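Let's start with one chain on its own, the form predicted alone, as structure tokens.
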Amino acid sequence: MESTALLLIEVGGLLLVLSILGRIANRIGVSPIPLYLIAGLFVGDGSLIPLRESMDFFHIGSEIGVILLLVMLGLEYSPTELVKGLRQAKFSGLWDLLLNALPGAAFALLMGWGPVAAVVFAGITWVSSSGVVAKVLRDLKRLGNRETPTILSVLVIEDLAMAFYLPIVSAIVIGEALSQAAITVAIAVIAVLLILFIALRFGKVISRIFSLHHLESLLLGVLGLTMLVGGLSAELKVSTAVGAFLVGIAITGQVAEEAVRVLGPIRDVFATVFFVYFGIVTSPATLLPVVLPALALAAVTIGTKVLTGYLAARAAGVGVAGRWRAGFALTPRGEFSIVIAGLAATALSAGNAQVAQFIVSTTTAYVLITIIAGPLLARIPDTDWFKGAVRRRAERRARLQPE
């Protein structure tokens, strides 16, 4: 069978299965993300039905999925809201770093993997998955909630911090000279500041480029600009997610509203591809030996991330229920954790292949656990028993207040 025909069969068959899984998830009232991940596990390397011709399609599609998830988040907020949120969340970013990076570093040291692995795992457990969080917020219809700007501020601070962290960790794991690492970090920081400046200063000018009266042109223009800026960001060692989010921030007014409408269906398709691809590149056989340590690490850092979101939302003046929603929403780790583990594995494999393999396998299991658990945990604040518990707590506090 010709490769093109086989590619179409693989992609078409898998998309059909995903459609059924999405409908099942909607029927039983859960997020479809875990089902998409499990579907990917069944068609990846070493699985029951491995894909052969469509791997490149799903790889590229997953990259586009992350970009679209983040630009759509950016379209929901104005430059003023972004700046205000970043100012409010500056201390939250510090709590986030301390509460979530330190457990990862301690875990690597306890496993006997050394200080370099400790620096690597600090990043793996620190950063939430912007793509997964964006999907959860949209699925649960929380984009307009009071806690959502706080969640986005924490995510943006983390993604911006990666512009510093990734070059540094790359230099550490490969033993790069300090001067070269400093140059790489400086380039990344300048790139972030330049993109942010253009988004805040010339947002209205950028919006005028697109026509409200020609939806096809609007769709192609916004999608093209997002991919262009995302690609340039990646070349400059800055997260594609940061670039895409700031493009969304730069586009304002009615243009942004129309862009949300026309990009929505495309975003849904490629976001699904992103989650499936994560399962595809995960070999089930490598996960079994590291399930228990990954579960322990996930349990600790899910708790610390919930605390991070709770404290950040409380500092922003959000109510108790919103604080818990913020905490649970931030728990999934994802794309950055995998990138960090990949950097470490490539560098360490020549010196200690066994440690490199353990880092990759443990990270994969850890991320998979948090991505499955995160969307489920995010629904807890919406349950009747949780709402009742929050209400009873508020009533007890009111009774204890002096009149």
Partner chain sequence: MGVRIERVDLPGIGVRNDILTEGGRRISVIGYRSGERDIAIFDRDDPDACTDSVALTDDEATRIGEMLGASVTLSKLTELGDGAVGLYTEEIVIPVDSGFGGRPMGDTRARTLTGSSIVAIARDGQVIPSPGPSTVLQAGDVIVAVGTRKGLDALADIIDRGPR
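Numbering follows the first chain given and starts at 1. Note that the rigid core is defined as the largest set of C-alphas that superpose within 1.5 Å between two forms. It should be emphasised that the depicted structure is a prediction, and the values quoted were computed from it without experimental measurement.
What follows is about the form predicted in complex with the partner chain, which we do not show.
- Not one of 27, 265 and 270 places a heavy atom within 4.5 Å of the partner chain in the model of the complex.
- Interface residue among 207, 304, 145, 286 relative to the partner chain in the model of the complex, by the heavy atom within 4.5 Å criterion: 145.
- A single residue from the set 115, 231, 319, 224 has any heavy atom within 4.5 angstroms of the partner chain in the model of the complex; that residue is 319.
- Of the candidate stretches 186 to 194, 133 to 141, 276 to 284, 208 to 216, only 133 to 141 contains residues with a heavy atom within 4.5 Å of the partner chain in the model of the complex.
- Residue 156 belongs to the set of residues with a heavy atom inside 4.5 Å of the partner chain in the model of the complex.
- Proximity of residue 310 to the partner chain in the model of the complex falls outside the 4.5 Å heavy atom cutoff.
- Residue contact check for residue 152: one or more of its heavy atoms lie within 4.5 Å of the partner chain in the model of the complex.
- Using a 4.5 angstroms limit between non-hydrogen atoms, residue 84 touches the partner chain in the model of the complex.
- When the rigid core is held fixed, the Cα atom of residue 74 travels 2 angstroms or more between this form and the one not shown.
- Cα-Cα spacing of residue 157 to residue 253 is reduced in the model of the complex versus the present form (difference of at least 3 Å).
- One change in the model of the complex concerns residue 126 and residue 73, whose Cα atoms lie at least 3 Å closer than in this form.
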